[in-house]
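Subsequent text provides structure tokens for two forms of one protein chain, presented individually as structure 1 and structure 2.
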Structure 1
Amino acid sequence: MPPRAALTVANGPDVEVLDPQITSTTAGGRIFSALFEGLTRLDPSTLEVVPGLAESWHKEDPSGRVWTFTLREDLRWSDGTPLTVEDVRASWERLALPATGADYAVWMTSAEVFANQELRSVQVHFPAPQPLFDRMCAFHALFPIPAALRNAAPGSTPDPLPCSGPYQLEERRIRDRIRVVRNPYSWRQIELGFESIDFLTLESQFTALNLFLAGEVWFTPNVPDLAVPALHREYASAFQPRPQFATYFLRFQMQEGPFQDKDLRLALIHAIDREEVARNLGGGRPAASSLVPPFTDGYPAVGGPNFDLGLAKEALSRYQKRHPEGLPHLEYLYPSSDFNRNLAEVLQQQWAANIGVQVALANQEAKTFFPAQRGLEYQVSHSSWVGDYLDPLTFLENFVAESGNNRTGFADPEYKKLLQWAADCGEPILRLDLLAQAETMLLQQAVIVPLLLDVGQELVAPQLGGFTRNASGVIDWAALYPKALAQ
């Protein structure tokens, strides 16, 4: 075993494929942001789009159908070879190829990319407006990747892996660790930072917590909910959970079955006391009254049916008048996990206590759950979504009829029209307003029920300087430094 890295962090589950186009987990995102860089980056304190590999960029038209990026001068991969506009073009084309098998292929399938070597510029044309493409470029699926990775045979990894980020890959041991060391060719100069970082694979949050408490790791991305009260008490400076751009919510299956009836949906929604749910579950996740977390500047506050026992009972009696035969068997489906089970039990208890409706609980392991949810083989089900970029669209686009992430049977042409108008709209404030109308429609029609915001539960050792908590879990590895050294 080589000697310890200058910084050791817990990184959660394994990064399955060391390819930013293929792995889309948050654990993968943390590693990719050390090894690679996008044309743009997000400032970890403001989450604003700042220059990355591109020194500048602009929309050619107000709606964002055409974007032009200009790369910095003399960019290089970590093996010293030039990083060119051609790399950008080829990477984006590879992302779109079905054979690549990328989760985010759809971002680029209809795009045309043109590279100009002399001007160091890349121009990308979309048939529909992409007003946030500069923000999307900060997400690792759109990072330029080296030719060695683009052309790697399936089932193999290039060795060495040319990198573009502040760090480069030194060693990868599956389910043990990924070690990165400084990339001498990065355009960013690290002054105080760490020479090397070990990202430990730790499936168990308890193990990660043990390592943190023993001082073996200086950062862990999340903690077991059970430990939250004690951490608040004893590690208040290291543990400051804050809401993330991610929501827990319920989906109703509206195509057939009992929840075709809006009154039954409303009865259940009005009977949920979100504040009580949040308190009951612990872990510090706040109640959410909208699907889109409230972090986008200029996005109006959106609301739908809330906790109101009077309205719940009214809705239920309307339903019962139409269905004098009584309530059918109702079932809540969730993917197996401790947290999901606790959430399910709290909801079940509230429905029974508040309006006397018995809902059976059923769980399936994730790989069974998702096809079942997609196939509408459920009545009401647990759901969650993590925003890919800080914009309401990353939540709302899921609920157009043809999206594979809709999974409710909701297919209102008005909804799609609102999203379309928002896309065509060049005026940012108006665009957000249209999106808010779409979300209101989603909530008012009782398609989904927002429940809780997810929280970032990072534990950060007091010795680790330069760490900024934010709503997207963005970490600037090059900005981290050991505090002792700085003093």
Structure 2
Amino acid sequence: MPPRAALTVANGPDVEVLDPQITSTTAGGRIFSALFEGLTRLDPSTLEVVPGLAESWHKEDPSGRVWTFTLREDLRWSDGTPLTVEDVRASWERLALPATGADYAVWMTSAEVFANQELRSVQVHFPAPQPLFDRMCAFHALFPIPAALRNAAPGSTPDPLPCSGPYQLEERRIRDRIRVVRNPYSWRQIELGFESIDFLTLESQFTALNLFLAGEVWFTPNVPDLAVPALHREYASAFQPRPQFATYFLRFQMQEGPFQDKDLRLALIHAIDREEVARNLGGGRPAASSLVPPFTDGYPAVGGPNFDLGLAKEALSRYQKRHPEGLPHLEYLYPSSDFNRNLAEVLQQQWAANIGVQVALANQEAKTFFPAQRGLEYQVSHSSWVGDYLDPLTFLENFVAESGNNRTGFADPEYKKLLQWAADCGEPILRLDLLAQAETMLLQQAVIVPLLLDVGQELVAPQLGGFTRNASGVIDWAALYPKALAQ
């Protein structure tokens, strides 16, 4: 066992690969925000866009079709080599390459990127408006990555890995931890912060909680639902849940298999009592009637198929008339965790009790589950999404056919057209109405099933300073410090 780091975090499932363009899990995002930095950042207190590697930026036209960013002077990777506008250009072009296999490739697929070393500027041209691109640049898929990683074999991590964030990679132990240490070349010098951080790989929330209560870790992002009442009573300063811009939902695989049939999808959807799911799972997560959480002022209320046993049985009857041979083997796939297992068991029980449909459960480690989901190697699967930026589009853009985050086989040109009209629209209220129409279509087509709105369940040790809770789970690792050193 290695000596303890200055700060230990119960991070969650292991990351697939240390590549911010490829890994899109929340656990991976926490690590990437320590190792790398975007041209912009989000202030954890306000979630407003603030300078990162870029000292300034602006739209060349009001629609956001052209953006120009000016990098800070003398930026360097953690190995001391210059971080240049060419790194930005090459990184964004790599993101768009099909060979990269990036879920967010669609963000840059049709963009043209130009770098001017003399002016330290990067200019990007989009065929359609991108009014929120400065906010998108704070997400790890658009972080500049070093040449060593850009040129590495798929799925591999160069050693050493040059980093641009406040920390650099020191060691990775598969299924154990990722240790990072201060980056001496970061433009953001850490004054009171931690010399090193361990991001522990932990599938079990009970293990994470026990480590926190024992003082072994100072931060864990999730807790077991059974522990919530006691944490409210006994650890009120450390445990302060708040709504998140995030949703738990189900995806149906519509490209092949039994759920190509909409009636079978509707039967399962109408048989889910989301209020009962919320009550049984606890944790303060409310039932969700829409995919997009209610965080955007002016976004119309959206709804889809809800709990209705009459409609569930009618849909199942229509399916059975077309398939007199009976139901095939049905399976629900989910990534291993205490909460995900509890959710799967509640759904399985409801489907059996409400409409007599038996659905087998299958779980996989996260690093196996997500490639399987991307490859459509499932029938119906667990999903969750944390908004990359505070706008409905960050949820809805995932379901265009070209998106690597689609993972359903859904491809509707009318849905894509609505999103395109919203992108071209210069009127904010009309834009939100068009996005709401797209979400309504997504729900009515029974592509997904919203289940629960998420609630942040972070446990933060009293001795950890600089931590700010927010709706997007943004953490500024450079701002964290042990409170004893600040006194």
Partner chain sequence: MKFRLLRRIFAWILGILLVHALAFFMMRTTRGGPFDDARALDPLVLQALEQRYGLDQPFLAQYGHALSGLLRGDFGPSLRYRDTQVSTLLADALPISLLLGGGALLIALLVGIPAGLYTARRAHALDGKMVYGGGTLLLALPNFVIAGLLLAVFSFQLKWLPPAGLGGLQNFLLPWLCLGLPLSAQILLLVRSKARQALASDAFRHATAEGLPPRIISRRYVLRPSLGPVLAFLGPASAAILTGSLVIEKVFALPGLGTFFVQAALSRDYTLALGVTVVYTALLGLCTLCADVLMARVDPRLEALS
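Throughout, rigid core stands for the largest set of C-alpha atoms superposing within 1.5 Å between the two forms. The first residue in the sequence of structure 1 is number 1, and each one after it adds one. Fair warning: this is a prediction, and the values are worked out from it, not measured in the lab.
- Structure 1, not structure 2, represents the form predicted in complex with its partner chain.
- A hinge is where C-alphas change from fitting one rigid part better to fitting the other better; between structure 1 and structure 2, that place among V455, D176, I355, R30 is V455.
- Remark: the rigid domain rotation between structure 1 and structure 2, smaller part against larger, is 30°, computed from C-alpha superpositions.
- In this core superposition, L281 moves its Cα by 4.0 Å between structure 1 and structure 2.
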